[in-house]
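Given next, in structure tokens, is a single chain: the form predicted on its own.
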């Protein structure tokens, strides 16, 4: 198991010195075998706090974590024998705003920073930058450009490349498609899907977009008021009961498929996950 939460809770202390419980009694396992996981929940439900525990940016105030064999609890910071640096290499976290992670003069130097920090030579880090820039859908001409002169979508890709260059086993992306138009969103999601499939990297995406969840995710985690209330199949998540219970938006493809079934009195054996699947299923149903 790559990441284990053993009854983990985390409490922030506010300026008034009162405690605020952000996540409570989380029991969760991330296998690390190439899953594509969507993490959803309303604003303030604890999603960001949860993923920051996955690479030990935050430590539990109660409970314990096991991250690639390293035990992490509320005493970890005080123990000199526990090194958290290896975790940061194995579990890469891309923040919602790429400006938080882009700081070098060029995109190439930004991508090279992580590998060099973990011991790669200048030559090896430069070669890795050339390799990774293509993985995220940019060409090598971007390597010499300033990251601050890129578009929003290009900045996101550059920040993802910097994390990917460290070859993490788990890649976490916080709202990676926010602020992008539909074309930019779809292009970036295909990048994540390619990373997941070709590199066998476990990808965890925090998102509010139910279309993303329905079309791409193999597993969905739902946070609500600091607790994990669902961990399972995306198709089962979007039952009428769950949509009403958690006030979820119905994915566009699912809504369209259900309208077609009701209007034409047909039934799809397997709910189509995207428009191409819907088109093929409709052809088969009308034969």
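Numbering follows the first chain given and starts at 1. On a predicted model such as this, the values are computed, not experimentally measured, just so you know.
Missing here is the form predicted together with a small molecule; even so, the following discussion is about that form.
Although the partner is absent here, residue 278 sits far enough away that none of its heavy atoms falls within 4.5 Å of the small molecule in the predicted complex. Of the heavy atoms in residue 208, some are within 4.5 Å of the small molecule in the predicted complex.
Among residues of the shown chain, residue 46 is one whose heavy atoms approach the small molecule to within 4.5 Å in the predicted complex. In the predicted complex, the small molecule stays beyond 4.5 Å of every heavy atom belonging to residue 74.
Heavy atoms within 4.5 Å of the small molecule in the predicted complex map, among the stretches 63-71, 36-44, 252-260, 228-236, onto 36-44 alone. Exactly one listed residue, out of 193, 200, 96, 106, brings a non-hydrogen atom to within 4.5 Å of the small molecule in the predicted complex: 96. Out of the listed residues 154, 215, 175, 169, 175 is the one that sits within 4.5 Å of the small molecule in the predicted complex by at least one heavy atom.
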